[in-house]
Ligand SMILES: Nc1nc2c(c(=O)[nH]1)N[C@H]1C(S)=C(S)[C@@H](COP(=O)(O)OP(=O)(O)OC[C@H]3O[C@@H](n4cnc5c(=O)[nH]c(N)nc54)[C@H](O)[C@@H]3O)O[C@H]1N2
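Next up: a single chain in structure tokens, the form predicted on its own.
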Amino acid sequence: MTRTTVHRACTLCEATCGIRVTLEDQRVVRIEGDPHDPFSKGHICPKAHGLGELQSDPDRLRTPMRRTESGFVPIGWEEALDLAAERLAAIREVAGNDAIALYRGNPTVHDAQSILYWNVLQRAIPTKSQFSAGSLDTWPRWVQAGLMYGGFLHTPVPDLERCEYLLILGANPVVSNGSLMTAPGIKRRLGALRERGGCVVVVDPRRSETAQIADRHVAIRPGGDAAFVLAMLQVLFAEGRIDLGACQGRVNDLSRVRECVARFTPERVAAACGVAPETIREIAREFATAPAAAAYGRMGASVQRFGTLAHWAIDLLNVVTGNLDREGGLLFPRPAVSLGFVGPKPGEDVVFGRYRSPVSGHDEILGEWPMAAFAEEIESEREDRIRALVVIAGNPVASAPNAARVDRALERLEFVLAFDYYINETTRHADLVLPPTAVLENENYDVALLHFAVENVAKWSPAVLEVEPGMRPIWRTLLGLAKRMMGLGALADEQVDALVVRQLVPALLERSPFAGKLEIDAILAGLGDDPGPRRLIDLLLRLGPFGDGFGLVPGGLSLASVAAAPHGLALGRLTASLPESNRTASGRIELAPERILADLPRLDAWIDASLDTGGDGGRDPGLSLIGRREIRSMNSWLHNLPSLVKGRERCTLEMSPFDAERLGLRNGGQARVESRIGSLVVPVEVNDRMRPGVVSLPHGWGHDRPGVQLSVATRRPGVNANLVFDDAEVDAPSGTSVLSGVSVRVSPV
């Protein structure tokens, strides 16, 4: 019996924890945290143990599958790709590129080959009908950061190791492990902050797992985050507590911000956000006088009715208190591999709404339409309506609002191609399902999430296991389809990949520290001939800020040098980086973007309605539904792994004892939850964590649809929260769906 150990990173959430995988004769026998990883220092969460179960899951597809009248049957790879290209090309010939929709799910963010080669497929099918999970979680932050700093991936993160006062709004990092704040071992980091005399304040309608270990919990009313932080800003301006620090002389429109926030007094917003005026003033003063403070918001701040305003207000708070670009405040990461080449060049304006969705006129955001437009663009009777869908690692039937409508819409499509491990709620509609190789069979470098890391690090993840016979890596599958759609089917994959590299090199070189110092042919020669993501990652590393510049910087990074450090490389703490880190056309931080300010009247109306109706913002007098995260879940795709679904029921409706008593509900009983667009029945969990008037239901469940082939998940299916979330409700500046603070009626079954 041969025992080996392989070190790599876990890719099941944003923390990128280092793990060591022990094998016996090519069989995973143990997965544990890597204590020598300089970033995660041995921390892992329960999800990491699921990697081995994913590898051995009998429900995971191991060959392409074609849907027939009698069910799914195996099909060969080349035959499947030929069929996919034939069907997509036929639809394109009749109705144009925009009749083909592309949808990208969250797991692609964790996989370099999916990110890099999905871009190749996007070039092969240049459709405007592009969608992703971004409009279900991150767009408000990206829109705000793009307008203020000039790049959607260019966002500052809290400097946790030196922070003295951390204000968390609508985030639960103890469970999420940090989100748009890559911080493995976050519970340890927060504990260290408090041990050195610092303070953690959590603003959330639910006393979350993070709030339970914080110094203070503020039970805000759902949707009130923007009003709450704008009131904090009003206090700071009124009391003369503005100090720009490193941002002095580097901002535009400070006086306009002062004018805008003047009307958001604590007394005016108190009813809307459910927080007493004296509490707002106290937290504002504490934040402004702390030696080093950081305000951080995430999902709860993003997927509410004023998500972009909330993130704008949060970053304004960091700027005007001198905490942006300050040790212990917020700093800009310096990733060794940057995807900045996909956005505007430094000095160019970030532009949204370059075109609009045909039915409802939703603005394009980052080259995509919001998911609020997805079903209606399929249902349209236009000749160029969406007729086909290509989906990678996504499950919109489980993750998008008005799930029943999305489910019905998929039945109308003429052709659906899915890249996925499973036959799930969405892929059961597919004509073809092409499975990727399992995580432990893939080499990887985190090219996306390290843009948000609280320390500068680099780590190569080697494959742990050999690719199973008959399988092929996703980059080859995506490239194989792309070359067929571009009319290059006669060329070998290696030839097409060489063309991809040759097109990418000039774009990268132009934005690298080595612009004007290297010749393209020398770069191509230095990369070698081996096709695939390894070569692209080597290119990105060597032209990056820590790169060797193909010999120009002795000792700089390359894939070889990173791979030679199995536990990863620490590249140093985050440091102050203004003005270089700001990329706006003006060269200054734009404090008052017009797109964001235009949404203030909508917030005004909501606040004024709250004053008239006792705080419900003029909504139907019912309960306010919010989501929540579970540490053993990652959206919808880990519920077929036994170790992650065992134990207590996790898909429950949490509510306060006050609401349970007045509604005649009991712990463990069944409740009906209804909204304008649908209803569901779910077990009740009564606890003191919920603010009265607010109920909470996790997302990603509902594995009870006919045709789903998930033997573990279907035994404990849970309910799909998106059956009651309304696709008509969006955050105006970003088009993000409102998935928190939705009015529902709850009654006993």
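What you see is a predicted model, and the numbers here were worked out from it, not measured in a lab. All residue numbers are counted from 1 along the displayed sequence.
The same protein also exists as the form predicted in complex with this ligand; that form is not shown, yet it is the one meant from here on.
**Q** May I ask whether Pro158, Asp325 and Ile589 each come within 4.5 Å of this ligand in the predicted bound form, counting any non-hydrogen atom?
**A** Not a single residue of the candidate spot has a heavy atom within 4.5 Å of this ligand in the predicted bound form.
**Q** Please tell me whether any heavy atom belonging to Leu739 falls inside 4.5 Å of a heavy atom of this ligand, as the geometry stands in the predicted bound form.
**A** Flag for Leu739 set to yes.
**Q** Does at least one non-hydrogen atom of Glu14 fall within 4.5 angstroms of this ligand in the predicted bound form?
**A** Result yes; Glu14 sits at the interface with this ligand in the predicted bound form.
**Q** With the cut-off set at 4.5 Å between non-hydrogen atoms, does Tyr421 touch this ligand in the predicted bound form?
**A** Close contact exists here: in the predicted bound form, Tyr421 approaches this ligand to within 4.5 Å, heavy atoms only.
**Q** I'd like to check something about Leu83: if you look in the predicted bound form, is any of its heavy atoms closer than or equal to 4.5 Å to a heavy atom of this ligand?
**A** It does not: once this ligand is placed as it appears in the predicted bound form, Leu83 has no heavy atom within 4.5 Å of it.
**Q** Would you mind picking out the stretch of 170-178, 247-255, 335-343, 480-488 that comes within 4.5 angstroms of this ligand in the predicted bound form, counting non-hydrogen atoms?
**A** In the other structure, the partner sits against 170-178.
**Q** Quick check on this chain: which one of Lys459, His451, Arg629, Arg387 has a heavy atom within 4.5 Å of this ligand in the predicted bound form?
**A** Answer to the contact question: Arg629.
**Q** Just give me the single entry in Leu603, Val203, Leu540, Leu623 that has a non-hydrogen atom within 4.5 angstroms of this ligand in the predicted bound form.
**A** When this ligand is considered in the predicted bound form, the option within 4.5 Å is Val203.
**Q** Can you list, in sequence order, the residues from 280-304 that come within 4.5 Å of this ligand in the predicted bound form, counting heavy atoms only?
**A** Arg298, Met299, Gly300, Gln304 sit within 4.5 Å of the partner.
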